[in-house]
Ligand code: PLP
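In the form predicted alone, a lone chain appears below as structure tokens.
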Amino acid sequence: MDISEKLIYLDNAATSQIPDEVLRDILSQLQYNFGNPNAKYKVGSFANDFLETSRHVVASRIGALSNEIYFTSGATESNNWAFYSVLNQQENVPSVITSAIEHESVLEPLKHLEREGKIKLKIIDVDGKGRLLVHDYLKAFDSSTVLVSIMYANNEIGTIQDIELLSQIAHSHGALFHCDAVQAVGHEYFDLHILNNIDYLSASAHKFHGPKGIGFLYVKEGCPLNPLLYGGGQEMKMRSGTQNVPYIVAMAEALEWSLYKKEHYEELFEAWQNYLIDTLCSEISGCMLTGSSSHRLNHLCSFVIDGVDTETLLMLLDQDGICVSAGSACSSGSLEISHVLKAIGLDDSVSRGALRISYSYLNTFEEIKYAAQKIIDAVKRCRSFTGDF
């Protein structure tokens, strides 16, 4: 097949494709392992064995204990669950620290709690590359600080935070530390025995080639956790409801598959990233990389392109069978100006030309090169419509 006839999917930070190996697991589980894992007869016990094996796999791949992993519907649920478990039990109004570039599933529940008068929220600025301003972070702590929530890597610009340092600082001030690790799990190596100041960690399977609607919350042993749903007492009596065993098994398989592939794609991804940055920034006037050039995910490139309307650019690329994005796809399809780009100091006029490219182990360098040329061509067409440049 000619590459121009293919769909080239380069929006893996929004969601990722399910590889054949993981899809076979889902279908096999749906067909043959249909039992309720909480039933006491053999069919139920068989399903429970798969459930607990998957829990062990997920735990071992991030350096956790099996009893520290709770299966959820995804990171939005996991984030909310962690926050409400910590904050609903406070006698006085506590303060919570987060950053200006967090995902909406972190910022919105915290802002909601602030509006209800239940917390004092302190939002810390970042520098022009998206790295947290540590001096401001240190000044934000006081005796009422009980929780910090900082993402491992940003979903729009790919910048990685110094989570080891930030979590140590939080603990030194007596605060619990939550990490939204959605963009990092399956893409970065985790060992929570080493990152031992992380108390809560959230992840979604569909960001690392698993199905949508399944994720997990890591809760360090001994940290507060209140029941999320009441009923039959599943998930160690903390989240009632029959577990989705086929998707849980698929998530564990997807995590193993992604980390195995990472070993073989590390250098390739760095080469692809360098190619995209060098090519687009040299061939397109007014194109600038956003985020850190050194502390960033290696499967994600993000740019702002002056004199280009993102919506038009994405439409033209879609006509060429290329799927890229402006940034986060988790805000009801909104193409509003990104709060992340505002936080790193970009003007609205520049931010309207945002472009995010995120590739996966299912892509090829041929696709990367083809997409880069199509982006260059599409930018020229966009500018021809307005007469810019």
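Since this is a predicted model, take the numbers as computed values, not measurements. Throughout, we count residues from 1 along the sequence that is shown.
Unshown form predicted together with pyridoxal-5'-phosphate (PLP); subsequent notes refer to it.
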query	finding
Full three-residue contact with pyridoxal-5'-phosphate (PLP) in the predicted bound form, heavy atom 4.5 Å, for Pro94, Thr98 and Lys122	no
pyridoxal-5'-phosphate (PLP) contact at Asp180 in the predicted bound form, heavy atom, 4.5 Å	yes
4.5 Å heavy atom contact, His209 to pyridoxal-5'-phosphate (PLP) in the predicted bound form	no
Touches pyridoxal-5'-phosphate (PLP) in the predicted bound form: Leu147 (any heavy atom, 4.5 Å)	no
is_contact(Gly74, pyridoxal-5'-phosphate (PLP)) in the predicted bound form, heavy atom dist at most 4.5 Å	yes
Partner-proximal stretch of 181-189, 260-268, 111-119, 293-301 relative to pyridoxal-5'-phosphate (PLP) in the predicted bound form, 4.5 angstroms, heavy atom	181-189
Ser105, Gln234, Thr310, Asn244 - the one with a heavy atom within 4.5 Å of pyridoxal-5'-phosphate (PLP) in the predicted bound form	Ser105
Selected contact from Ala250, Leu217, Met151, Val86, since only one has a non-hydrogen atom within 4.5 angstroms of pyridoxal-5'-phosphate (PLP) in the predicted bound form	Met151
